[in-house]
Structure formats: C-alpha cells, structure tokens
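Here you get one chain, nothing else, as structure tokens; it is the form predicted alone.
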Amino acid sequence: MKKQGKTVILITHKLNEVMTISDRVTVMRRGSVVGELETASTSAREIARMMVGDDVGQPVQKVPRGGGETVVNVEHLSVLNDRLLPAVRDVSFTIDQGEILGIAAVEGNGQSELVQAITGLRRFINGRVVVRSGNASDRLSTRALAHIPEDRIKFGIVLGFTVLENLILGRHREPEFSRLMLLDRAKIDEHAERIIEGFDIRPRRKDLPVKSLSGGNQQKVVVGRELSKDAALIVASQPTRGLDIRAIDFVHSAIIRERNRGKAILLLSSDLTELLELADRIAVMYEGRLNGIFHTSETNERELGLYMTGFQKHRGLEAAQS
C-alpha cells in the first residue's frame, strides 16, 4: 500500500512490527503523546522506555535445568471439536519439573482443544492426562493445576464480581482465606492488594466490578490470581494477549520465576518470539497432531514456521497421512 502512494497508520504494541514496517513512530502513554521518532534512528528499547517511562525488556534469566521429575504425562490424547470432528489426534508428551513446554500452531490446528482437555474443560475420547502433585498422581487434578485461559471472559472471570472476588475464585475454601466456614476478610484484602500492586491492575480498587476494567486489566486479574497459586502445573494460554509492554515484561518474568521454582509450565502462544524466549522445548501442532518437538536453543522462527504450516513434516506425521 505504501508503494501505491497510500498513507498507513499502524497501531500496535509489537515493537518488531514497528521497527520493520514504519517510517515514523508516535509514542503514546496514558492517553498523551510523549514523543515522535524516526524509525531508522531509534531502537525497540528506546520506544519501550518511552511507552512505559523507564527501562523494560531486560533479558529473562533462567536457572539451568537439573533434570527434575516428570510432572505431566499426556498419553495418546484424542479430542473432538465443537462440531464433533477430530481436533487432537493421538498426542503424547511430558513436561518435567522446572520446564516450560511451548505449543506452536497456526490457529485451528487443535491447540485450543488440547489445552481445554488438559485443564478439564473438554472431554477427550481417548488417552489420559496425569499430573503429579507432590507424592501423588492425579488424573486431571485441579488442585495441582493453575490455568490462564485463552478466553478470559468465558473461563477466567465473573464479570459481575468485584476485582477482589475474582482474585480468590476457586481458592475461597483454602485455609489461607477461610476459617470455620467463614472468609478471612483481612487476608483476602491483603492478597488482593498484593496482586493489584504487583501486576499494576488499574484502577487500583479491589471493590470495583471486574467488568468495569479494560480487557488488559481483566487479563492481569486472571494472570495474577493463577500465578499466585502453588500449583505443580501452570497452563498459560496466550497469557500476554492485550497487555502493554510493562505488563508483558512482568508476566514473562513471573513465568520464568515459577519455572525456576520447579513448576512445570505448558505455554500456548501465537507469538513465536515469546515462545522462543520463554520455552525450553517447543511442540509444533499441525492438523491435530504433533509435528515435532524442538529444543528452543536448536531451532528458530523459520524452522518452526515450516512445521506449523505443514511444509516440513515429522516422519511420524508423514506415515500417519500416507
């Protein structure tokens, strides 16, 4: 369109898009213009600093993995979609303590149904999912699971509840928040204020209905609640969708911190840069099957793209389709 002489206004928080496409950049923060830059003479870090007011995007520090025990076993899982057609086809993988397994796929290749089956939101027609929590193994144990859902409105929050109430959803019966069948208001208030401050949820009022918050701040409520759990498995589906640069940086750091603490994490993201930065291994899905699992240090966006679109196929997948 530019070559045709058209004027293009691109509104995005993805700095790689800004640096690749734009000629000039206007930076806004909290509703006001804070600067205008020539793209060729600036950097993604300078733009990010202007967007949030200070430096962000420092490299995420991972501790070396020590070969922890297997926390998650997914064995020969098959799942139908809403039209009762095969969406997940005989998928098997494991996730160890202190490991992030990323899922890379073009939308509609079964990744959403896979996550829903693992988190108990969708029935599966074959296979099993085992999550090990402490010394016990439970099939789809909700006590061992934290879930940041892809659809926060449908699965993550109750719009008519307050921010405070949403921040303890599913946890209100835990001893930390209740005694003798009564909620401990002081501890719930303290818990909510800690998450609101840590995740920069705006406005900073725990008594507001969550429906009054922006989509990005609703997402922060879900992420903050789930990452505050002491769960053996964290399933994070599009955890930074709709978030600003500072919140993305915070969520990335929080996910790595949970990994470093020994949590097993399943990360679904449409952003390959995010997967390559956070994950230890990346499983590629194509037409409902695993089309390869790669160590992050040994792959790149180009190779992943070839497997995601089916131009390159794993031997097992080729045999299944022949």
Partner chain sequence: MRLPRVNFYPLAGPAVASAVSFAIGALLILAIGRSPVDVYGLFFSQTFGNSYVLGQVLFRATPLMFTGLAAAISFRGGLFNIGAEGQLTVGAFLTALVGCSGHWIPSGLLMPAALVAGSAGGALWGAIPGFLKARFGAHEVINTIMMNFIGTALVSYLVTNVFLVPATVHTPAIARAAEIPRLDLLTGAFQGAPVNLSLLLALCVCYASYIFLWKSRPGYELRATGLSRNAAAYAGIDVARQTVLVLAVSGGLAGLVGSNFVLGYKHYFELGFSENVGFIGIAVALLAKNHPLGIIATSLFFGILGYGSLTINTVVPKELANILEAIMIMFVIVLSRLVDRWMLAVQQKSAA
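In this text, rigid core is short for the largest set of C-alphas that superpose within 1.5 Å between two forms. Values in this document were obtained by computation on a predicted structure and should not be read as measured data. Positions refer to the first chain, counted from 1.
There is another form of this protein, the form predicted together with the partner chain, and it is not shown here; the text below is about that form.
Note on contacts: among 126, 178, 94, 81, the single residue with a heavy atom within 4.5 Å of the partner chain in the model of the complex is 178. The contact with the partner chain in the model of the complex, taken as any heavy atom within 4.5 Å, belongs to 157 out of 234, 157, 71, 115.
At a distance of at most 4.5 angstroms from the partner chain in the model of the complex, none of the three residues 263, 297 and 306 contributes a non-hydrogen atom. Stretch 179 to 187 is the answer when you ask which of 179 to 187, 73 to 81, 98 to 106, 240 to 248 has residues with heavy atoms within 4.5 Å of the partner chain in the model of the complex.
Residue contact check for residue 220: none of its heavy atoms lie within 4.5 Å of the partner chain in the model of the complex. Using a 4.5 angstroms threshold between heavy atoms, residue 194 stays clear of the partner chain in the model of the complex.
Although the partner is absent here, residue 170 sits close enough that one of its heavy atoms falls within 4.5 Å of the partner chain in the model of the complex. Residue contact with the partner chain in the model of the complex: residue 216 places no heavy atom within 4.5 Å of it. In sequence order, 203, 205, 208, 209, 211, 212 are the residues of 191 to 214 having a heavy atom within 4.5 Å of the partner chain in the model of the complex; the partner itself is omitted from this view. With the core held fixed, residue 94 shows a CA shift below 2 Å between this form and the one not shown.
Once the cores line up, the CA of residue 127 ends up less than 2 angstroms apart between this form and the one not shown. With the core held fixed, the Cα of residue 106 is displaced between this form and the one not shown by less than 2 Å.
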